[in-house]
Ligand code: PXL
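As a starting point, one isolated chain is supplied in structure tokens, in the form predicted alone.
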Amino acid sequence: MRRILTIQDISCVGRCSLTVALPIISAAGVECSVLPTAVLSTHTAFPSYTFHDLTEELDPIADTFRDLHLNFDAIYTGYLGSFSQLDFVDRLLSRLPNHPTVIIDPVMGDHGKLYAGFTPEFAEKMATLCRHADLLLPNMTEAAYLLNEPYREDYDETYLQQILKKLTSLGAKRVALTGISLKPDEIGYYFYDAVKEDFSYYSNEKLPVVFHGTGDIFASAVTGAYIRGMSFPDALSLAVDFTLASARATMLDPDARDYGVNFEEALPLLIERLQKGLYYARTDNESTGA
């Protein structure tokens, strides 16, 4: 069985970050190991919450992994809350011996604004981390801040392709812009593989709702599906469909709460799509993103 290490925070209640990465990657048939950066009582969409920073624990945990000669087929990073955590991830990715696939979700903002606590200087530092990425997963806000460019909601394919090429110039081998709507009733991703010099786009229905944590659901599904055996475009397309199914399930639930998406109800879709002949179909060389 292949193993993914995901580095992000965990909330005791609320569906986001490690709380969704663990079950989704596990459901994909891949072992999910964790390196928690912080523990919260609930995620930050709640009116109050506790927060305990685990930055001081990161190096000792990583040193233990090294001493035990633990290897990972992929490293998946999500929300990183400080310059110190960015520095830690940079050191970790620079010294890994087995060249695992690196998937970076540069969680920093949405709808043209950075999340509370983030600054343009943080985005500049995040941009240096992108050189490690086999796949980078920014939304349009994060892409704008990574490139220090104005945020735009009016875009076409030509503009998206320009942004994607600029993002790969940061060092990322592949980039998928998430939350892309080229038609009012559709949403999906626009992808560029700088290794193959190839673009692709996929979308599905855009629902008239916005839920907390859908980006984490999307990134977790992409990571699990790719390491399970799908190509990056196929994994991204599955993640679009899985996130949509999760949102639909939430809309149909009369008891749905504001703190997350009912992704659990959509897991059968993820599992069924992954059981159709994948079973680690790629060679080990391909699975490392080489």
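Quick note: we count residues from 1 along the sequence shown, nothing fancier. Quick caveat, the model's predicted, so the values are computed rather than measured.
Unshown form predicted in complex with the named molecule; subsequent notes refer to it.
**Student:** Please tell me which of 83, 159, 151, 115 lies within 4.5 Å of the named molecule in the predicted bound form, judged by heavy atoms.
**Tutor:** It is 115 that has a heavy atom within 4.5 Å of the partner.
**Student:** Taking the named molecule as it sits in the predicted bound form, is residue 125 near enough to touch it, meaning that at least one heavy atom pair lies within 4.5 angstroms?
**Tutor:** Result no; residue 125 lies far from the named molecule in the predicted bound form.
**Student:** Considering only heavy atoms, tell me if residue 107 and the named molecule come within 4.5 Å of each other in the predicted bound form.
**Tutor:** Residue 107: yes, in contact with the named molecule in the predicted bound form.
**Student:** Can you check whether residue 24 is within 4.5 Å of the named molecule in the predicted bound form, heavy atom basis?
**Tutor:** Result no; residue 24 lies far from the named molecule in the predicted bound form.
**Student:** Indicate whether the named molecule has at least one heavy atom within 4.5 Å of a heavy atom of residue 11 in the predicted bound form.
**Tutor:** Although the named molecule is absent here, residue 11 would touch it in the predicted bound form, with heavy atoms inside 4.5 Å.
**Student:** Using a 4.5 Å heavy atom cutoff, which residues in 203-222 contact the named molecule in the predicted bound form? It's fine if the answer is none.
**Tutor:** Heavy-atom contacts within 4.5 Å come from 212, 213, 216.
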